[in-house]
Ligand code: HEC
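So this first bit is one chain, no partners, the form predicted on its own, shown in structure tokens.
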Amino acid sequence: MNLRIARWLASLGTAMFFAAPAMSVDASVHHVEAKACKQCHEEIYTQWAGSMHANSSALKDPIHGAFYRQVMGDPLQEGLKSKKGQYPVCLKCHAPVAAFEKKTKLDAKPAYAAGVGCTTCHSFSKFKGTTKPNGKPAYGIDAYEMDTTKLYGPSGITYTTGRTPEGATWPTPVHHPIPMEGNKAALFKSNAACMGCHEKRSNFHGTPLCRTGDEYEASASFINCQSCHMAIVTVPKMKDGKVVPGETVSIPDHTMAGGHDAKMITRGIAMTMETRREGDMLKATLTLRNRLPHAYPTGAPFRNFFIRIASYDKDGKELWKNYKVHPIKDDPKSAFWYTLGGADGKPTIPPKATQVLSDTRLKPNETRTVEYEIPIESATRIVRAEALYDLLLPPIKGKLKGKIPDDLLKPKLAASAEIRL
């Protein structure tokens, strides 16, 4: 182990973080747990601990875990391989320390189960790109040069590992217990910090699943990922797990919220409704605008959203709705999703897909209109439209019901518009 890191861990009481026998083998900064970072970065730690990054492994993310068990097998088993005899590629994003060390038993060490921890991202020293020299994709950690002895960050400052003398002034560097090198700010303030995992992903058949990076590039946007997903936020200052009354700090938001966050999904889409009456019908035009520099929704191919538009009487009783079962079946124009298909041309699940059948999601910065004809009854008083965001498609929900928490099966309200007659 790096001598400086070893001394620092010893000063903290390493029994809190590591089993004693592991000290001789865990020579990488990747095995410094987030709890150690919490001592100085408690607000950031608190955000991270509740994030999908902290819960990205198959042991903590119910949806990913369900797919991982179906496709790969038991995440508590060592030596798992794909049907083609390859190391599980999903671990390179969802359990990067395990992937870095070519392990699959995710409970073997805390860093394996911790998902994307502090030292995972902050050990990036260079973005190599998501395409290898041989033309094959480089996923997750394969897209980066990763340091095992020191860390990096967006400040561009090199910190000293020695204690800063009391009363010291510039140019004496600020103390940091792990070596931290400056001059990498450009990497951490660019999309390159995210693209290793979020640019593109294909299945074993070469069928494109996630293409967020390509979507972003097509948008020709100058806004980076961090502008939305790690915006500067002001939060209460914390000390020893408690809020310090009257004190706040401003930090980059390390919740890194995305499709799992109900508030985040409302930021990505705007919806308005215009209506006109023609006889006993109400013509309604919804205008949907994707405010993002990538598709809405993006990421996992089973994410989708749909429109529910309905009329009600004065007491809220539903009189009419645009679908009976689901818009995918009854009102396709109101369903926005990425349709994967098999060799037979029928929709199928991501691991079996050999082609993309259709893509009705909103493109980056796209504005789209959808029209409806709503029968007007004498009791009709309200027409309400809702854009509902789903993490999973209906068939997948059916298969996972009872296997994942119910709240992950429920759509979230992303936008709404309402008129009163």
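Being a predicted model, the structure only gives us computed values, none of them experimental. For every residue, the number given is its place in the sequence shown, counted from 1.
One more form of this protein should be noted, the form predicted in complex with ligand HEC, which is absent from this view; the next part is about it.
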- Have a look at 101-109, 259-267, 337-345, 324-332 and name the one stretch with heavy atoms inside 4.5 Å of ligand HEC in the predicted complex. 259-267
- Determine whether any heavy atom of G117 comes within 4.5 Å of a heavy atom of ligand HEC in the predicted complex, and answer yes or no. yes
- Item | ligand HEC contact at P173 in the predicted complex, heavy atom, 4.5 Å | no
- Query: Do P75 and ligand HEC share at least one heavy atom pair within 4.5 Å in the predicted complex?
  - Reply: no
- Could you confirm whether P208 comes within 4.5 Å of ligand HEC in the predicted complex, counting heavy atoms only? no
- Task: Spell it out for me: taking ligand HEC in the predicted complex, does every residue among I309, I374 and L388 have a heavy atom no farther than 4.5 Å from it?
- Result: no
- Message: Within 4.5 Å, heavy atoms only, which of A186, M281, I223, V243 is in contact with ligand HEC in the predicted complex?
- Response: I223
- Task: With ligand HEC left out of view, choose which of C40, L357, A27, A379 has a non-hydrogen atom within 4.5 angstroms of it in the predicted complex.
- Result: C40
- Near ligand HEC in the predicted complex, with a heavy atom at 4.5 Å or closer, the residues from 190-214 are N191, A193, C194, M195, G196, C197, H198, K200, R201, C210, T212
